[in-house]
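The data below hold one chain only, encoded as C-alpha cells and taken in the form predicted alone.
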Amino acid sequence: MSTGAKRETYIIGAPASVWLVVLLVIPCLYLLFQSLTPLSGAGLSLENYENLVESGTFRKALRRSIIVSVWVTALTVLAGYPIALVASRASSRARTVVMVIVIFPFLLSAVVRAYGWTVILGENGVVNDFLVGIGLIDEPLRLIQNTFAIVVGETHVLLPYMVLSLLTVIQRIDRNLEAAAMSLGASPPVIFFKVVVPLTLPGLLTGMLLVFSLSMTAFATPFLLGGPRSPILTVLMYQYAYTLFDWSKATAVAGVLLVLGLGFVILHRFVSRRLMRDVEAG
C-alpha cells in the first residue's frame, strides 16, 4: 500500500477511532478508576475487589455466570450446526423460511421473550401442564427462577449469532470436498468432523466469542427468568447499585466483567491462531 493510500485510510478511519475512544475506551477506563477508588477516597487500592471476593454471594454469582455462559455456548454450537447445514443446503425459498425463524427473536424485545418463556416453563405453563396431563409427573416442576431457565432463555436469544456465524463459512465450502470424502468411503459423521468442522473453525470461533461474551453480560433475560435467588454478575451488579446503593461493589463487579470479557477475547485470539495454524499444517 502506498503512502498516499495509507494516509487516506487513516483519514477515513479517524472519525470512527475518535468515537470508539470517546464512547468505549474512556468510559471503561473511568469505570476501572472508580472501582479502584475506596470509600475513603484516599488514593487507589484494591479494597473494593477484596471486599467483593470475600462475599459468598459474589463467588456464587461468578461461578453461576461462567457455568451459564459455557452451557449456552455449548448448546448454541450443538443446535447451530444442524440449522446452518440445513439452511446452506436448502433451496432458496426454504433457506428464507429457516432464516426468518432463526432471526425472529431479534424482532422481539428481551422482556417479551423472557415472559414468553415464563408462560412456557411456569408452574402452570405449557410444559408442566403437558407433563402432568400425560401422567409423567404428579406435581409441576420448578422450571423458572433458576439457572435452568436462564440457560434456556439465553440459548434462545443467542442462537441466531451462532447460526449466522456458521452459515457464513459453511456456504463457502466446496461441496466437491464432501463428495470426494464420501467416494473414499468416509461416513457422514467422519465427513462432518474431518471436513466440515475444520473448514468452519473461523465461523465457529467467532460465534463462540459472540455467544459467550453476550451471555456473560446479559441482564434482562437472567433477571426475569433467574430471579434474585439465582443472580449472575450483571444482576448482582444491578442489586448492588439500585437496591443496596453500594456503588463501590457495583463498580467492582463491572470491573470484573470487563476483565473477564477482555480475557476471553485474548484467549479466543490465541486459540484461533493455534487452531488455524494446526489446520493449515495438517
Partner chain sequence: MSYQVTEKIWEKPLVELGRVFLWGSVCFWLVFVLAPVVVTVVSSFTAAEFLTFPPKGFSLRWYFRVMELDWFLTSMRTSLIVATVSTLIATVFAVMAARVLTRHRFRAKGAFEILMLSPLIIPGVVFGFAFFNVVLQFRLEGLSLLNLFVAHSVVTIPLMLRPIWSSMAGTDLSLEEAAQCLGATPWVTFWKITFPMILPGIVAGAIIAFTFSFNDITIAIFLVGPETQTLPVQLMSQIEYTPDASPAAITSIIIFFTLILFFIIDRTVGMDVFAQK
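Heads up, when I say rigid core I mean the largest set of C-alphas that superpose within 1.5 Å between the two forms. Keep in mind it's a predicted model, so treat the numbers as computed, not measured. Positions refer to the first chain, counted from 1.
There is also a form predicted together with its partner chain; it is not shown, and the following applies to it.
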Mark L62 yes when one of its heavy atoms lies within 4.5 Å of a heavy atom of its partner chain in the model of the complex, and no otherwise.
no
In the model of the complex, V271 touching its partner chain (heavy atom, 4.5 Å)
no
Considering non-hydrogen atoms and a 4.5 Å limit, does its partner chain approach N176 in the model of the complex?
no
Whether T73 contacts its partner chain in the model of the complex should be assessed with a 4.5 Å heavy atom distance threshold; does it?
no
None of L159, I144, L209, V169 but one has a heavy atom within 4.5 Å of its partner chain in the model of the complex; the exception is L159
All of S17, A79 and S109 with a heavy atom within 4.5 Å of its partner chain in the model of the complex:
yes
Within 4.5 Å of its partner chain in the model of the complex, counting any non-hydrogen atom, which residues from 197-230 show up?
L210, T217, F219, A220, F223, L224
Would I26 count as moving between this form and the one not shown, using a Cα shift of 2 angstroms or more after superposing the core as the test?
yes
